[in-house]
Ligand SMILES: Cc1cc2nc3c(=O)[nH]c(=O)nc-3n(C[C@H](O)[C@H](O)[C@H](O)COP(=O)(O)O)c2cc1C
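A lone chain, given as structure tokens: the form predicted on its own.
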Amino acid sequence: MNKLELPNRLLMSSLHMNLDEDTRQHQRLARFYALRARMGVGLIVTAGCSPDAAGKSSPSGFALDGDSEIPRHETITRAVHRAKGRIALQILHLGRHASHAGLVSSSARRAPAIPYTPRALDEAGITATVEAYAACAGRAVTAGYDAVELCFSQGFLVHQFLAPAFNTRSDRWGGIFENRARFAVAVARAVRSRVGRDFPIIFRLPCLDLISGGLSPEESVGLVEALTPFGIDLLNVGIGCHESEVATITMSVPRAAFAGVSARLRARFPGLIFAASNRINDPRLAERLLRDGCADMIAMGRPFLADAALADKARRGAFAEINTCIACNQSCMDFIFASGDPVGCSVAPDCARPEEGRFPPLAASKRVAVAGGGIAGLGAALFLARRGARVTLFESENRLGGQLQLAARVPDKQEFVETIRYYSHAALQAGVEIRLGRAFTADDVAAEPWDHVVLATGSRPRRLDDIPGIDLPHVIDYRDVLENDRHIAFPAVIIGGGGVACDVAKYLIRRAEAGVSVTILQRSSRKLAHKVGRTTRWVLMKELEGAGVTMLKSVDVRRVTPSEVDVIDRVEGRERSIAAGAVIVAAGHLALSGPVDDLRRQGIPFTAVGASRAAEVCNTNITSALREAYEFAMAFS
């Protein structure tokens, strides 16, 4: 890549970690990058780093807008270089997506979910911003970065000039494509002039916008042509943006769905090096894309959250050992856009923690029983075994995975199988004894000298026994639909409005003929599936609405009859009857406690994890289940 030689064709894409803006966390961020460098990734790209104050995510956002910032960046580059790695600084100006009052853009148009309206840059502001990009790139060289990536895509500032959806100007910076591309060209020219021709510049360009008013395919090609004179050392293919009308990074997107975009551009520009991205989570798939000529490099971001050692495991051919990114977004993208907590990974609960990858041995050998082989039980067994405990896992079913097995039957959620595969394999590798078809009972409590018992017995669907008619034969719980593929007579009514209820609705409309009637009834006044993350909920709701699913909130179910469900609308205070050939209950779960009394009688200490922790109704998901299992195992002594 220019004169930078890379050991392989894996690029770790830029990931905002919610650590970047806290200067006290630069050491932690450095360790995060260094671990992945040590594990062999070819090139790391940092989180987006602003070239000036206006482009920061917040007033304290990640930046390299002054020489005083250089030492903190040297902390990162030195750590990566000590680990024999290579790292590029992504220069990213958020434009109208910044979360502070001083934000700017091409035009004074507010972005969705941002409370501030940006100031449209004038001529002087544009000139100053272009110079800020160049100065930032120069500081990146001084700080020891091996390359810079100019992010011109994903809906950020440069993209806000490029796309008519964002740019409403009528001067020389707006209107026809040549004018809208003028800012991108100016930035590219200034940066190349500052860093010299031998320093690698990666361009992340908008190649498929997926928004009304986005760049046309011809304009994307024209942008590449306009920037080629300034040395595109790697073209990182950008797909979509935060305002795209089509999902691009969720589990519902097929693997490598957008690799064809890279392939077409690579054929059009055979002299350039291309990186394909978006929903590529398996190195074997990545290798096929390379061999098929789709790209020269493969850009993965979230897969390196799920498994820091992905590159090393791929090199060794140890594919079964890879903890695969399932694109659930719960601990990464949802944290970025909602919680503000440090980004992590739902399937790798130690991700980005200061102790990531380290499992300190127990002071003394411990004999531990784990009751339950769902994801919480599997996680607890694995993490305890990695610390040296002798672990026996009991599972009443003849397979591992628990609720994840059901979740994997929902359309577009087959990736959950990868998590079951990884944790099952890793637990066996770590020496966990697994006893399938064996519930942990009172006899097992007394059979062996356990030092501790982990109760991960999970949950059962909640029944609504107080509703007259709930015991009619056409009333079933959601497991009969997902697990047993039970025949459903339409119209179908689903009682419950959480993520499971909405997933069941999706399952029904996908497997039935078009035009079937599905109604969801939710007692709460909250939005349906309110606990589903921001970056994925909209995709689910869009499909249900498009299929004509009726979604009712603030309704109480009064009774179920052989052909109807009678409800009362609490807002309007009126009763109504809804036709129902089948009634499916998906109204939450109740915790299963396991042999607690027997453990107490024997004086054996025990800890509940996952759904078993709940006093009654539980709302555990994969993130909380594995986090609880990990934190318990790390604190265990």
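Don't overthink the numbering: it's just position in the shown sequence, from 1. All figures in this text were calculated on a predicted structure; none of them were measured in a lab.
The same protein also has a form predicted in complex with this ligand, omitted here; what follows describes it.
Asks: Identify which of 148, 494, 308, 151 has a heavy atom within 4.5 Å of this ligand in the predicted complex; exactly one of them does.
Replies: When this ligand is considered in the predicted complex, the option within 4.5 Å is 151.
Asks: Go through 389, 453, 295, 92 and name the one with a heavy atom inside 4.5 Å of this ligand in the predicted complex.
Replies: Comparing distances to this ligand in the predicted complex, the residue within 4.5 Å is 92.
Asks: Out of 221-229, 182-190, 264-272, 300-308, where are the residues with a heavy atom within 4.5 Å of this ligand in the predicted complex?
Replies: Careful reading of the contacts points to 300-308.
Asks: Any of the heavy atoms of residue 51 lying within 4.5 Å of this ligand in the predicted complex?
Replies: Contact with this ligand, no.
Asks: Quick one: does residue 336 come within 4.5 Å of this ligand in the predicted complex, counting heavy atoms only?
Replies: Yes, residue 336 is a contact residue.
Asks: Is residue 627 close enough to this ligand in the predicted complex to count, meaning some heavy atom within 4.5 Å?
Replies: Residue 627: no contact with this ligand in the predicted complex.
Asks: In the predicted complex, does residue 126 have a heavy atom within 4.5 Å of this ligand?
Replies: Result no; residue 126 lies far from this ligand in the predicted complex.
Asks: If you apply a 4.5 angstroms heavy atom cut-off, which residues in 349-374 are near this ligand in the predicted complex?
Replies: Read in sequence order, no residue approaches this ligand (within 4.5 Å, in the predicted complex).
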